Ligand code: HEC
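Okay, so here's just one chain, in structure tokens, the form predicted on its own.
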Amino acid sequence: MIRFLRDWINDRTGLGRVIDALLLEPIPGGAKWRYVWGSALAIVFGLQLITGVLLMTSYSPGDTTAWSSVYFIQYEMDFGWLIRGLHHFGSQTMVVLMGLHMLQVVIAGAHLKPREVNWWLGLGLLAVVLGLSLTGYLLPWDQKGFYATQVATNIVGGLPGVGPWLQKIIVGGPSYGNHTLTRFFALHVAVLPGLAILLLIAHIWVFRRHGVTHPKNAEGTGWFWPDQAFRDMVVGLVIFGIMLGLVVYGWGNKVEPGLEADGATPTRSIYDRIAHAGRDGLGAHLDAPADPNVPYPARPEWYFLFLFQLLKYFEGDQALIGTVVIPGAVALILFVLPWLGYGRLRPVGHFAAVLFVIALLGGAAYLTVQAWVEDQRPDTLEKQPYAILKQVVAAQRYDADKASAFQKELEHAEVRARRAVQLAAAGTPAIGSRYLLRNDPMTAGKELFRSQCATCHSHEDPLAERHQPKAMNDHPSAPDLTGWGSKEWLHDFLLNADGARYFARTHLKGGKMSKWSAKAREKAANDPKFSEELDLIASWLATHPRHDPPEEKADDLQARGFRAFDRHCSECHSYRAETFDELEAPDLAGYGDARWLREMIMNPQHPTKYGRNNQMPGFRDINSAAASVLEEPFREAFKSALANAGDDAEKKEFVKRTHQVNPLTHLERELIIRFLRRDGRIVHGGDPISD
């Protein structure tokens, strides 16, 4: 039956003759392991086509959707981590195999007459493979690809005459955006693969015309099938194993699982652990979403580092030498190599070609290592045993301070990448993945606190990178806000109000709170019951109480904490005060919640906050849609404070100074609020923004 079916298909299609033509190729001298590199390239290219098509089923080429779709592939799609990882490392494998194949070809003399055309077709394939690597690098639309692409396109823009025009065509306009991404996507999935397939067919066609380049004294004849095919298959499996090992090794960021209501970590089945192993860090790395407002330590992928390093030697007016002259000369020499071996010059041309390709690959490798070394910290290089690294370090080009600064920027970028992955697990904003971090309290809120609040307040960075100081302000003039509003912070404050973290550098040092705290510290050391009372007050305030005072006989935390507060703190502080004339300290209703902090930031001089004792400016947006409504109580409070200042010019000046308003949008304010409250939820906007 099988023989009948085979004959039937062959009789009607001629498929058998095609298969025979492909597999039954004679190999003078027999099959050799050194012949495998061309087939290995074809195998990896086929794998790239398969994984590329699978990736296209979930990829969305838009500047607001690309990153989130790659996140979905990496972390949510079944086996997406494996598909993307194989595609990612497959592109790098092709570059390595191209170099090995080129070296093998010139060593065998397979570039010489009558195989010149096949050599040129191979050079065309090399250019297409590099083009595929370059265009594919941008498609995740992350910081690394976004800025590395700018480096590459800026090199194109430096070409004389047509450079700026060509760069604009590639970029799709004057700036990098959606058109850049869609053009690179079209090149990567349509134009360049189609061109690669055509060149590959022509390459194989011409190769089959002339056959394998074999030694003149070769004896016997082997066949592609099964002798050489077996060797190709073995090497192909080894290469696939290496690629798979790199994928399984894991280069990504883990998605930390959320805790269920009962505090238990969600259970994952064996299938889920394998199908979604990207959540455990397996697969390729994904950087933070591309954001032109955030700088990044741009470097090209490792196989373009040699060109990046070469450009360092030709700066300013000499840049053209590194971008055009040298690469153009190398391309020209590679093109004319077959012509150097005509006639009696064949041995000389063969030797020159081998020498040139070895020098080219060796030079590229050296420049790549040099570029890597110049970016490493001195302590990292001291651990390396390789003599070549020590020689590069000894070179005058190495700048330890510059290398350390680069690594600090890289570490900061990795912190952002890890944070973006965690945030994306809860979904990405519809307006674009870049707003994951722009509206993230622990990222943007931290930076806003640094710029708006850290002049006076200190705060330990909850996502501290090794290269940054632990605190944002080493010499605060206002309380340290690390852990503000928590039970621990409040308890420490009650016992050490005049300490370095609190009122030590403020005008309130030595005031009523400082004196009360000193007595409380002494009393708590000798009276366990009083110490328990302080613990109750801290626990009660840490719950941000805002409801009506509890019933007198109630025995829960709210009731016991309120009674302790009433006994020890009500002389100065109020709770849900209705009149403000007698207040000496902030009203503590809702202390520590978003509303209390919002009112404090917008109007710290209000009687329910610090009133006449205030020295902090207000931070609010007076140009928003809600400004007229929000500003009214502030204006009334200012008029009242100014009137109570009497005729004393110094008091009036103090009132004016403490009623200063610094501009801060509602979004920026809410980012700071959630940062201080350790609330990592993304702020999605609104005017005004609600809790």
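What you see is a predicted model, and the numbers here were worked out from it, not measured in a lab. Residue indices: 1-based, along the sequence shown.
Below, we refer to the form predicted in complex with this ligand, which is not included among the displayed structures.
Asks: If we take heavy atoms and a 4.5 Å cut-off, which stretch out of 607-615, 137-145, 423-431, 551-559 is in contact with this ligand in the model of the complex?
Replies: Within 4.5 Å of the partner lies stretch 607-615.
Asks: Identify whether this ligand in the model of the complex is within 4.5 Å of every residue in the set 478, 513 and 516, based on non-hydrogen atoms.
Replies: Checked in the model of the complex: all three residues contact this ligand.
Asks: Which pick from 206, 239, 600, 444 sits with a heavy atom within 4.5 Å of this ligand in the model of the complex?
Replies: None of the others qualify; the residue that does is 600.
Asks: Under a 4.5 angstroms heavy atom criterion, identify the one residue in 569, 246, 594, 305 near this ligand in the model of the complex.
Replies: Of the listed residues, the single hit is 569.
Asks: Residue-level question: is residue 683 within 4.5 Å of this ligand in the model of the complex, judged on heavy atoms?
Replies: Output for residue 683 is no: heavy atoms all beyond 4.5 Å of this ligand.
Asks: Heavy atoms within 4.5 Å of this ligand in the model of the complex: does residue 493 have any?
Replies: Yes, residue 493 is a contact residue.
Asks: Even though the partner isn't displayed, in the model of the complex is residue 672 close enough to this ligand, meaning a heavy atom within 4.5 Å?
Replies: Output for residue 672 is yes: heavy atoms within 4.5 Å of this ligand.
Asks: Would residue 586 show up as a contact with this ligand in the model of the complex if we use heavy atoms at 4.5 Å?
Replies: Yes, residue 586 is a contact residue.
Asks: Relative to this ligand in the model of the complex, which residues of 524-538 have a heavy atom no more than 4.5 Å away?
Replies: Heavy-atom contacts within 4.5 Å come from 534, 537.
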